[in-house]
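The chain that follows stands alone, in the form predicted on its own, written as structure tokens.
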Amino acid sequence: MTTPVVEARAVGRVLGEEVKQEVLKDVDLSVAPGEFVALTGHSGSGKSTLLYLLGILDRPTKGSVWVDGVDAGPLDDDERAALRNNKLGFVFQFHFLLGEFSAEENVMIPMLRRGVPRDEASGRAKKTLERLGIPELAGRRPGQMSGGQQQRVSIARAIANEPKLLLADEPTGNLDSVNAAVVMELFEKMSDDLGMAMVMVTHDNSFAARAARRLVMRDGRIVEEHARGT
């Protein structure tokens, strides 16, 4: 049996000290290698909270999250950071590129943190930018790029270490319709051509429908599941 890339087992999340709010309630989710999953639902439904738990950026109040067969619960902060850097890539609504560095240098950062030699990281960064159709941006800084270009560079940075799982939180939310469509085409290409598993939070149902599996969240639970085309 194939090991899931990421798995949530009866995950719950409670926020607040004096006034507690249960934002996730016994959520189970398993994502297979190469699978493209979209999380949808109204604001406050728990989809971004779940994504952050899957990315081990936060810890569940109950239940457990497993990444490529490893239980993240017992790991300390350094071990969790290493697991993220080795297995996961992240794309957010805002690109979070470092303004003082070029696109190539931004893409190199995750590789350098992983211990990849600088020359190798540079070559892989250029190849990744070329793969995403933006080799001409290698020497530009974020301030010299459009919003759509910046987001594509952030995707290049996210996949530079060839992660097993890409997690995306409203990746098209800050883009116009043309650039949003380009980003979605890139996601589909990475899922189909690279075999990369993906979990994407989106409010756009037309984009969510392009995923292999669409999950609808409400009040901290997954309440519906749809396959592509249904």
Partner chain sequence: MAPRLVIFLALRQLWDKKLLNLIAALGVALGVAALITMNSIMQGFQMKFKGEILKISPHVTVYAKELDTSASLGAQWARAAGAKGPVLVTVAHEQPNDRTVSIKRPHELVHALERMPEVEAACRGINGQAILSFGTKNTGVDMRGVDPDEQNRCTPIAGYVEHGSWRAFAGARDGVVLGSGIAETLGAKVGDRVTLVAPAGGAVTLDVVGVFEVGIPAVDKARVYVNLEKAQTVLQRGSQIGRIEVRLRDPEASEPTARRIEAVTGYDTEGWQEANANFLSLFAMQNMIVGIQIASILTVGGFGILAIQIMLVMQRLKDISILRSVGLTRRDILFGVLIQGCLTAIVGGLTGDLLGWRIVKFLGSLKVKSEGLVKSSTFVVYEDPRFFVYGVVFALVVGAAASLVPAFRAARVEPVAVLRGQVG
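Because the structure is predicted, anything quoted here is derived from the model rather than measured. Residue numbers count along the first chain shown, from 1.
The same protein also exists as the form predicted in complex with the partner chain; that form is not shown, yet it is the one meant from here on.
Across the options 45-53, 26-34, 60-68, 182-190, residues that bring heavy atoms within 4.5 Å of the partner chain in the predicted bound form belong to 45-53. Put simply, A81 is close to the partner chain in the predicted bound form: some heavy atom of it is within 4.5 Å. The shortest heavy atom separation between L112 and the partner chain in the predicted bound form is within 4.5 Å.
Remark: L75 does not count among the residues lining the partner chain in the predicted bound form, judged by a heavy atom distance of 4.5 Å or less. Under a 4.5 angstroms non-hydrogen atom cutoff, the partner chain in the predicted bound form lacks R152 among its neighbouring residues.
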